[in-house]
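Just the one chain here, laid out as structure tokens, in the form predicted on its own.
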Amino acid sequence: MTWDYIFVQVANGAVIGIIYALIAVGVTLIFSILKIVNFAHGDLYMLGGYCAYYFIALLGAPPLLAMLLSMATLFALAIVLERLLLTPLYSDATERKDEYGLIITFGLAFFLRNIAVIIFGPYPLKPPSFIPGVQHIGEMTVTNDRLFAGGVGIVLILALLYFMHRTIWGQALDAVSQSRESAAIVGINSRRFNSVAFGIGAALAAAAGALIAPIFSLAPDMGVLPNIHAFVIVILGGMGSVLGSIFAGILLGEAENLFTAFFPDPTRALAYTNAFGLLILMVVLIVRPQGFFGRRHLRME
């Protein structure tokens, strides 16, 4: 076992961790503002990958531009879905808001997945590389697509942190997440920021789908496992903590990749990867039940 092999696994784990973090940050943002768990988030990730693919295939857009167009498309689609399906959450006539949110997003996930099979077909698709080729550092070899995905993912995460902490809209989102009543007193329209949060979460998921597609491939069910990983990460990082989701996403990506690389039986390593992630979750929750950066949140009333 050489150091080069270890460095390759660490690099691969970091890329996957950043993709996990992008997906989980969107789940966290939606949970923080709307106070619901979005079960359709993985399918928005899947749609983002397909949108980028067809922007390249049909319009001839460069892969990076296709990713940005995919983010804009999913941002707009998410706002439409939020307005059509989640408006009852803001009405006093809806008594059990948590249950409504769970049921509607769970149904939306199945709807989007089956629509994807009808429109895109059941067979895997693979878009062209962002930057073809590989990089050789000593005996270490890493594909340019993985380096590109990791770099763009970091830029998007930093952009989100800047938006949340340094802009008026980001601070308004944080205010709504802490107290809708207090935000309304200072003139913040919480319904508008519900739509913004849902849209940003979907855009980040779309970016993750577009970045991962050249590394692996596109399929209608590609969002199922990332969705599960996202929920694990959100709990690990602390419900509602954006910083916690980033930290936990990278940690989980590294841990799973290193576990797979060093498991004694390589033929079974991939089969046990998801179980290893859940094992990490259980250990952390025993020691710190609120997650790494957890804070108290209220139910939507």
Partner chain sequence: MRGLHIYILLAVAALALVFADRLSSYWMHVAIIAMFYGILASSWSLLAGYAGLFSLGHMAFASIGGYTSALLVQWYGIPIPVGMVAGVALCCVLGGLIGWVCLRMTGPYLAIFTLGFSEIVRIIFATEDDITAGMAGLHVERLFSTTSRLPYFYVAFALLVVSLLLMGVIVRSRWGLFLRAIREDEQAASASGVAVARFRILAFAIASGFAALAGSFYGHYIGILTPSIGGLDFMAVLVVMTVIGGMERLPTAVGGAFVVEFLLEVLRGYGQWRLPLFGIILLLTMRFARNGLLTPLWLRFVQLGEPRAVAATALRDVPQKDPAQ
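Numbering follows the first chain given and starts at 1. The shown structure was predicted, so the numbers you read here are calculated from the model rather than taken from an experiment. We call the rigid core the largest set of C-alpha positions that still match within 1.5 Å between the two forms.
Quick note: we don't show the form predicted together with its partner chain, though the next part is all about it.
Remark: of stretches 248-256, 46-54, 63-71, 269-277, the one touching its partner chain in the model of the complex is 269-277 (heavy atom within 4.5 Å).
Contact check for Leu77: every heavy atom lies farther than 4.5 Å from its partner chain in the model of the complex. In the model of the complex, Ile104 approaches its partner chain with a heavy atom inside 4.5 Å. Although the partner is absent from this view, Leu243 stays clear of its partner chain in the model of the complex, with no non-hydrogen atom inside 4.5 angstroms. Using a 4.5 angstroms limit between non-hydrogen atoms, Phe231 touches its partner chain in the model of the complex. Site annotation in the model of the complex: the residue of Pro132, Pro88, Pro124, Gly151 reaching within 4.5 Å of its partner chain with a heavy atom is Pro88. Interface residues of 92-119, taken as those with a heavy atom within 4.5 Å of its partner chain in the model of the complex (partner not displayed): Ala93, Thr94, Glu95, Arg96, Asp98, Glu99, Tyr100, Leu102, Ile103, Ile104, Phe106, Gly107, Leu108, Phe110, Phe111, Arg113, Asn114, Ile115, Val117, Ile118, in sequence order.
Leu281 shows a C-alpha shift of 2 Å or greater between this form and the one not shown [criterion: core-superposed Cα displacement of 2 Å].
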